[in-house]
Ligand code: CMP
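Presented as structure tokens, the chain that follows is alone, the form predicted on its own.
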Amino acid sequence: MIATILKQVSFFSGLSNTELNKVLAIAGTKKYSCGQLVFAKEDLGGNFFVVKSGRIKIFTTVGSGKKKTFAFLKKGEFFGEMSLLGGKTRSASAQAAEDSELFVIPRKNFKRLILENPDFTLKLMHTLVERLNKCDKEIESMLFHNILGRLADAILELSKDKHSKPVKMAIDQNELAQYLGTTRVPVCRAINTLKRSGVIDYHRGELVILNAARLRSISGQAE
């Protein structure tokens, strides 16, 4: 069961059962309740994490408490690698967005994985490149898109693993504002604009996509 979960992580998927058993031998598990910090920005980095279950929010705090959410990580995704690959302290904070359980691999064992498994290292680099590309896209969106386009893009990104018809997700306006790096008021206005246009519905923290094609058009994404 645990090996099956590890195989869902892209850079573990190519490992043999023997290699997976080696990973399991060096990985512990730890549970976090909703709202509990896994680590804070500027903490010394000592562990690499893989989400076994639940959802983890990666965010930073700027100035007088303003937050910017970078990602919500789900089962099979990893985090905590940056401070182990060069930076000595954490570049962002990680918090359980719901009750979660994580695989935890200590620094020395993480380094051994990199040195002994070239496929693991290449896949790790590939994932880091994908994340850098996502950051570049967010910067471009902040520079050239209005709040409506940015919100549409964020809704599409956050709902991409949802498979209900119509697509639904639970997220409050404060979370959306933090994901966009702005405040709640402009997000509330943008949500109301999308609602009036029949693109989404939003009520008591539940967002429903009513017209995905129109949402992609507003976000600037190609069909």
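As the structure is a computational prediction, the values presented were derived from the model and not from experiment. Numbers follow the displayed sequence, beginning with 1.
Only in words, not in the display: the form predicted together with the named molecule, which the text now covers.
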For the named molecule in the predicted bound form, the stretch among 116-124, 74-82, 98-106, 146-154 with residues bearing a heavy atom within 4.5 Å is 74-82
Does C135 reach the named molecule in the predicted bound form if we count a contact as any heavy atom within 4.5 Å? yes
4.5 Å heavy atom contact, Y32 and the named molecule in the predicted bound form: no
Within 4.5 Å, heavy atoms only: does R112 come near the named molecule in the predicted bound form? no
According to a 4.5 angstroms non-hydrogen atom cut-off, is V187 in contact with the named molecule in the predicted bound form? no
In the predicted bound form, which residues of 48-72 put a heavy atom within 4.5 Å of the named molecule? I58, F70, A71
